[in-house]
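Next up: a single chain in structure tokens, the form predicted alone.
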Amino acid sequence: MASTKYIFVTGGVTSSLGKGIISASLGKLLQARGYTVTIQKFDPYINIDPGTLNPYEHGECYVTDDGAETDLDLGHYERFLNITTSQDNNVTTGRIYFNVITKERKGEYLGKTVQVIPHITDEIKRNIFLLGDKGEYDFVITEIGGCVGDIESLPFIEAVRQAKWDIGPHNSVVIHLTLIPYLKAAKELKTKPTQHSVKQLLEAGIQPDILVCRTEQKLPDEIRKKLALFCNVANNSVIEALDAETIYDVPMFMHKEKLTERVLTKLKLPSKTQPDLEQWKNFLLKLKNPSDEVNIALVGKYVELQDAYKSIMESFIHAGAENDCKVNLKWIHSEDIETQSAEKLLEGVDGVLVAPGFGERGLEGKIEAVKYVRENKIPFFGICLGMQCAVIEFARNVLKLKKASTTELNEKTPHPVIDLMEEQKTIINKGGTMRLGSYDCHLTRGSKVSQIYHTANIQERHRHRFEFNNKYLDDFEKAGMHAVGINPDSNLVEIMEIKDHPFFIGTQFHPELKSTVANPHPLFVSFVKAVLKHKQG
């Protein structure tokens, strides 16, 4: 246990300060110095996972290779560090209590009274050390969701206090992220909220080692000294975190502030090497100096909360940089297309992505969007429900099956071109029961996607219950929409494409979940390239 070092990231003053980005940035900087790193997120809500949460509640539900439905911060971890995470990297209060209650029902506590301390905190600590005990990582960074002082976060904070004691000195560091607000009327940065936040952490028995201070203005030396004095940290352990133009600037900001050096010094570890950040710098250079730009419409159901499509947004950033091009996203609510028109709302865009989603609301608007781009030869990319909408539109307007639909929308449709998967028909529980995680897909030789991937076999991540109905496959193939990606074990259709089109690809899987800074996803890269070509005529 002691060979792995543990970094705990807590937050105070307000939520949404960016603990996930700070954690991912520190992980990237440690990686750049030759260390192996993984990051986990502890969420204080009682849902066992975010899989049943409405996107408006919690933003995107991120899915890992092993089928875990997790917090969107795990997407940041993977995109920054170019690693894969798993079920062990995201733990909720719900899962902690579920595990403890399950053990109690099995009689594993030998008749003892089950309590928050020690049983709940022991289960939290078990999950803290789970990744470190594998012996694969030099560092495990643990982000504690919510704010210090929140009643639901108290067991996690107590578990961190105990964990520090368990592993002994110089094996852990606590980084506390706070806000230093700027009062325009007084023209002053105020430290009092941070002082109170640290005081709450001290009352819980934890002395933060490093303060990371979110701020709109640079921190003067006197402010740093004041924070150090009142919060019991060294002057050089007060780290400035200025608002950034892009989240991908944050690792460079933290490098400049010497956050990594402070962590390594606290843990009495060598730096190993000077950090190798050339690839990251090159990415930022391309990101900030594009030679062209394109306008892509994202047609979705949850566009009021852009975090619902976080991985798609970031994938476009990666693909844009790869193409030396800025991608401007135009957010289109699919319900607006139903009340207005696709032609009016999509006029002037260079490409269209129809986004994932669940339920019947806004579905007809997505179908209308697909019809418009197919007929007008505008590059199209459909993901999950987006692919299913492309199938329905083609069935209605090319195969002339006017009442074709998905049984998600109409259980009595005479032409269920999209239907509930057979194994899903007997499932009652909603949590964790979809087709989740990484599955194999075989690509048709000569297809556009096989040329994009440069291989015949791929693995991609899924999250769905409904699938293409293979009873209609021959009709689609004859009419020009081809199933070019098939799961070899179940024969389920994974990718549909139309060849006589600048770019018309729909995927049942979620390619956005595997795009990283180091490895932009080839489908997004190729889509942006096609959009750029279409724009240039």
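Everything numeric in this text was worked out from a predicted model, so none of it was measured. Note that residue numbering follows the sequence shown and begins at 1.
Another form exists, predicted in complex with ligand GLN; not displayed. Remarks below refer to it.
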{"property": "Partner contact for D209 in the predicted complex: ligand GLN, 4.5 angstroms, heavy atom", "result": "no"}
{"property": "Contact flag, F466 vs ligand GLN in the predicted complex, heavy atom cut 4.5 Å", "result": "yes"}
{"property": "Partner proximity in the predicted complex: E322 to ligand GLN, non-hydrogen atom cutoff 4.5 Å", "result": "no"}
{"property": "Contact test in the predicted complex: Q388 vs ligand GLN, heavy atoms, 4.5 Å", "result": "yes"}
{"property": "Candidate stretches 292 to 300, 216 to 224, 99 to 107, 456 to 464, one within 4.5 Å of ligand GLN in the predicted complex by heavy atom", "result": "456 to 464"}
{"property": "Option touching ligand GLN, based on a heavy atom within 4.5 Å in the predicted complex, out of G357, G365, G75, P379", "result": "G357"}
{"property": "Contact assignment for ligand GLN in the predicted complex, among D249, D166, E408, E335, heavy atom within 4.5 Å", "result": "E408"}
